[in-house]
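As structure tokens, the next two blocks hold two forms of the same chain, structure 1 and structure 2.
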Structure 1
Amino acid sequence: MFNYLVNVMKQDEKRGLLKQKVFDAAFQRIQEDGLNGLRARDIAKDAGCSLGSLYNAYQDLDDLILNVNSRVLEMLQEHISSNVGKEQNAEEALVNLAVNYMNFAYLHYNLWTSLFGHTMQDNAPIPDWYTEQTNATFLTLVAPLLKLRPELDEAQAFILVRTLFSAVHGIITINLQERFISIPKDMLEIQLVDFVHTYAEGLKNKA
């Protein structure tokens, strides 16, 4: 019995090491090249394992990408909240969150675009755990927004949060992809700050 448990522990340890190697290889590939042309065979080669071993570690390429994106969401959450404190007023907090989001996109462009560029194979549903983590990232914006509109419940605030996020994300995306008229980062930050201030003032006036 003891030997059996030792063997199980060793197998779990080996599988854990394999998962980490595959994860690291996929993370590096996405960080350097984005999702374009990402292939399981290349990841397995980078990880020093067979393609079959990769699929023993992760169900499929979707599962692996979602796990990488989960880590990116953690990085994003940490980054956007880095200088946002309870002592700030709601408008300042929203401005800092927007600017931090912009900076993250500039610093980690390929990882950032992976969050929005990945689609599940064969229209498979997105796992609940990943949806919950994504929603938790949005909830970072709810607290300051509720200070501006305290009469709203969390569900109503969440709808406004998604609207604000979509606008901020769109402004940054268009500029980074150099569509239409691209402007320098420092000028983009000024415009972004002005936009969030205007949005916040509009919310306060509706309260």
Structure 2
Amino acid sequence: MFNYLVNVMKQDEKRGLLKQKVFDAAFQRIQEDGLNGLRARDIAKDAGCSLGSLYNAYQDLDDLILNVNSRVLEMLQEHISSNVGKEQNAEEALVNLAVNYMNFAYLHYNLWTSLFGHTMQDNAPIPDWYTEQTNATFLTLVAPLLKLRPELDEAQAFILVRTLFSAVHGIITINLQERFISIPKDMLEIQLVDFVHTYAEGLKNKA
């Protein structure tokens, strides 16, 4: 369907179309089979193009994966900050951020592990645009916190959010790794909420 449209399209629009189809195929593969199950030939088959066309649309698999992960970062950013900022106090905002993050990890497990489990081939450096986006995602998390705790300057808030996020990330990561004893999701949520409250309690008593 819509094939008749192709005849009217400019060339770079068609290039974009192929790029989009390759992207969608890769995204779906990662979502369903995980990053480890990603194969160039499978992507090409799903996208309905030849193997070589993959490397016309993207430089290599790393490039494609980074683009998928970039989209996942956007999803994470959107998901994690939903319903955050309307709370009465900063502590509840932190709790909600943590619980939202946990829910994203459960809901999009393969996408989430792709974010943190991907490594570049031959120890190639991660491109700047990707690291910048990653760190920019943190900055958006700082915003709602700053609104609730205006006495903090941005640097302090950044450190606070980053420490807390890293800790929450670790608690969820360890629990979801197969090599560790896992507790059920509802128990993890309780543990997570308790952790954030405890940490927030400690923060209060230091000020």
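Bear in mind that the values here come from a model prediction, so they are computed numbers and not experimental data. We call the rigid core whatever largest set of C-alpha positions still superposes within 1.5 Å between the two forms. Residue positions are counted from 1 along structure 1's sequence.
Visitor: Structure 1 or 2: which one is the form predicted alone?
Guide: Between the two, the form predicted alone is shown as structure 1, not structure 2.
Visitor: Once everything's superposed on the core, is Leu141 shifted 2 Å or more at the Cα between structure 1 and structure 2?
Guide: Yes, the C-alpha moves 2 Å or more.
Visitor: When C-alpha atoms are superposed, by how many degrees is the smaller rigid part rotated relative to the larger between structure 1 and structure 2?
Guide: The answer is a rotation of 25 degrees for the smaller part.
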